[in-house]
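Given as structure tokens, the chain that follows is alone and in the form predicted on its own.
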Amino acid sequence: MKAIIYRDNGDPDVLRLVDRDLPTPGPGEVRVRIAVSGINPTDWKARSGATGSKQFPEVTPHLDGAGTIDAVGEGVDRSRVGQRVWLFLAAAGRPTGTAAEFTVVPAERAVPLPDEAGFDIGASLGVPALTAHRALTVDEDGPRRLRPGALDGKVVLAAGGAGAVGHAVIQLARWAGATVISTISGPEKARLATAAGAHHVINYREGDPAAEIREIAPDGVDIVAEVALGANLALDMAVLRTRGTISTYGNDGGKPVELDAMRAMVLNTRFQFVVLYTVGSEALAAATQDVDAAVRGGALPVGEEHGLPLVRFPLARTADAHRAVESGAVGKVLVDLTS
């Protein structure tokens, strides 16, 4: 089979297209013929060494993907052969991710994909959707699970709604009944956030964004899903309600975080930092179940008309796909494994 591998951390040029033997699923595992592999910032950060040195002599990258189960290991129901699935955390703690024609994962990391959902949707779930779910379910006064109506009466601020996680935050929050506000940096990203389902979009580079958000939510925002904590914390604190939550899954731009501790205490602010690798099995199981329900309800479509443009590369150009993600390509970068 064809696979992308790297043996050393570094820039995208360390990625190589090679031939490898077909993997065999072990006990509790399934083998998936990959149709589409999804790339997230965490994938290039792992490859570059930004999040630590690689754990294995050879790594096939990418956490997310979608395809069809073609073999199962001992202890897995054989009726799963032929099942369409989406994968999450495929390369977490393992040397083989989804940048290959076939990969092997624990059976629970291969979630059934309904027939009405294409592989592009499946490959775009994983990190973005599960992160978004976590961000929306940690508020002290909010639900721990998402379903239609779970966020009725809540106001959610999705920072960077044109990004993959921001897009999923908008879609899941809207599906669950929240009023959704998204901050964006210009007209094109405003169009995308609106297409994703945001009720209101605010350009944080113009005017008085805090006043605009307060006009929409006079009592303040219940949950902020934050991608750039250092850059946006002052705005977040200016619009957060008492006992509100800031769920942060990134610090894009790397600006140091300067916290007004007294204001945070007076508001009884909850800060929740989110990363899937250490979130725990219970939270992951809940998130996959709720995301599955949202997919089946048609709540997580992708494509430019739904606010998430798809940027595609063939497997042989995976290095270029990584460069696109690193350079901030708008939308979801996908690698096609089938022609």
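Residue positions are given as counts along the sequence shown, with the first one as 1. This is a predicted model, so every value here is computed, not measured.
A second form of this protein, the form predicted in complex with a small molecule, is not displayed here; the remarks below concern that form.
Visitor: When the contact criterion is heavy atoms within 4.5 Å, does residue 274 count as touching the small molecule in the model of the complex?
Guide: Within the cut-off, so yes.
Visitor: Is residue 159 close enough to touch the small molecule in the model of the complex, meaning at least one heavy atom pair within 4.5 Å?
Guide: Answer yes; at least one heavy atom of residue 159 falls within 4.5 Å of the small molecule in the model of the complex.
Visitor: Flag residue 205 as yes or no: does it have a non-hydrogen atom within 4.5 angstroms of any non-hydrogen atom of the small molecule in the model of the complex?
Guide: Contact with the small molecule, yes.
Visitor: Can you tell me whether residue 163 touches the small molecule? I mean in the model of the complex, with a 4.5 angstroms heavy atom cut-off.
Guide: Yes, residue 163 is a contact residue.
Visitor: Note which of 109, 154, 189, 84 lies within 4.5 Å of the small molecule in the model of the complex, where distance is taken over heavy atoms; exactly one does.
Guide: Answer to the contact question: 189.
Visitor: 296, 33, 45, 54: which sits within 4.5 Å of the small molecule in the model of the complex by any heavy atom?
Guide: Checking each option against the small molecule in the model of the complex, the one that comes within 4.5 Å is 45.
Visitor: Report yes if all three of 22, 68 and 88 come within 4.5 Å of the small molecule in the model of the complex by some heavy atom, otherwise no.
Guide: Contact check failed for every one of 22, 68 and 88.
Visitor: Going by heavy atoms within 4.5 Å, which of 171-179, 98-106, 213-221, 249-257 lines up against the small molecule in the model of the complex?
Guide: Correct option: 249-257.
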